[in-house]
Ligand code: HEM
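What follows is a single chain, given as structure tokens, in the form predicted on its own.
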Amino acid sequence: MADDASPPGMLQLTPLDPTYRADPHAVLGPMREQCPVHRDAMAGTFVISRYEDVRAIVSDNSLWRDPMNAEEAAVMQRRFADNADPTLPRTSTTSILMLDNPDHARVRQPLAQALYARVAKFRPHVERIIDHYLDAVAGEPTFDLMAKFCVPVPVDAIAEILGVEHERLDDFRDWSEGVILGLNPFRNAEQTAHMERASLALNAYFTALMADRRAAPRDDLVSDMVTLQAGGAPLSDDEIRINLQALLVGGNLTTTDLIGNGVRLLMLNPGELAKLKADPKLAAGAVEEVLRYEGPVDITGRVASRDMEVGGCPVGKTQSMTTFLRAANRDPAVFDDPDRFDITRKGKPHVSFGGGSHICIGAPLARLEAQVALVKLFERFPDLRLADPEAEPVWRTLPFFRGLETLPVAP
């Protein structure tokens, strides 16, 4: 970006733009250096890209998350709520992802309590799921790692935690891909229709599942939630249902991309892969570095709850702020040699899971799945490589997410 050029708008900061899709940091790096806080009038949001500014914003629990609190000019932010029924409580139309306190804390606390208790004892289940998919590709000369491994592992994992029948996994994959289009403010009419169909299908499925678990509880998260509700947790059926759906979606796409991006980075950096093979205990650090270097999520948003300043720029109450997590994670003011992939990197943490009270509720499960997946994959296939090292990667075009369409590999 030349010194006299206008800063990029939000459309240029998505994989819908070929330059950004090929290398986001070719756009984000100059933007962070030359205009780390600027307003995109068309999208109606401040674009923020320096680590210190981003981390301060996502950690500030006094800021609002709900786009309904944003000014009318915040057209991109408000698009996330454009299907909300104003006659319903906000907790019946959105998950904790977009809720503010006191509702956010009221709903999140029992959900986190139940989810984290399950994740804490879930490692053997993750290992079994991963072994199953590794067994399925054993002996194949080449295969698409995304389709055969990275996509099904997270879906199976979150489905097992929730208590979803294995034979419904294909439906769940389709539904979760449809519902996540709700996070795409640039979706077209066909995508909106897919989103609405998927939402209706998931609502119907979880309504039936919750009724079934009330009648006959099982060892799963749906049973946990209806049991907590019966025991006095202040949760409505709508609140349980919509947040279980959000877990399904979050547990699918982003963890798929975390695993796929991680495998690709390790194959492209044989020295780092050698470190992991020599010491599998480095898996935790490897996953954190994948999250920093090529995380699945580009942005998160906040709404100013007061007049404030960000990086010396005035931001008025109710104005929208879009923080670029991806840009913050490569900020050279914070990370030494930020464009180098290093699984033993020390220093400040990445911001890929956001921060504050809204830090990603699924982070412990995503970390667990990715750590086990990377170690077991390269233990099973120690010579795993790109099937065509000269081929350009095929990145998906879903705005604000970074993941591969395909990853052809040869064992």
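Throughout, we count residues from 1 along the sequence that is shown. In this text, all values refer to a predicted model and were calculated from it rather than measured experimentally.
What comes next is about the form predicted in complex with protoporphyrin IX containing FE (HEM), which does not appear here.
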So which of 78, 264, 104, 173 reaches within 4.5 angstroms of protoporphyrin IX containing FE (HEM) in the predicted bound form, heavy atom to heavy atom?
104
Which listed residue (366, 70, 377, 343) meets the criterion of a heavy atom within 4.5 Å of protoporphyrin IX containing FE (HEM) in the predicted bound form?
366
Among 254 to 262, 272 to 280, 303 to 311, 190 to 198, the stretch whose residues bring a heavy atom within 4.5 Å of protoporphyrin IX containing FE (HEM) in the predicted bound form is 254 to 262
Verify the contact flag for residue 330: yes if a non-hydrogen atom of it lies within 4.5 Å of a non-hydrogen atom of protoporphyrin IX containing FE (HEM) in the predicted bound form, no if not.
no
4.5 Å heavy atom contact, residue 213 and protoporphyrin IX containing FE (HEM) in the predicted bound form:
no
Using a 4.5 Å heavy atom cut-off, state whether residue 41 contacts protoporphyrin IX containing FE (HEM) in the predicted bound form.
no
So in the predicted bound form, does residue 65 come within 4.5 Å of protoporphyrin IX containing FE (HEM), heavy atom to heavy atom?
yes
So which bits of 352 to 390 sit within 4.5 Å of protoporphyrin IX containing FE (HEM) in the predicted bound form, heavy atoms only?
352, 353, 354, 355, 357, 358, 359, 360, 361, 362, 365, 366
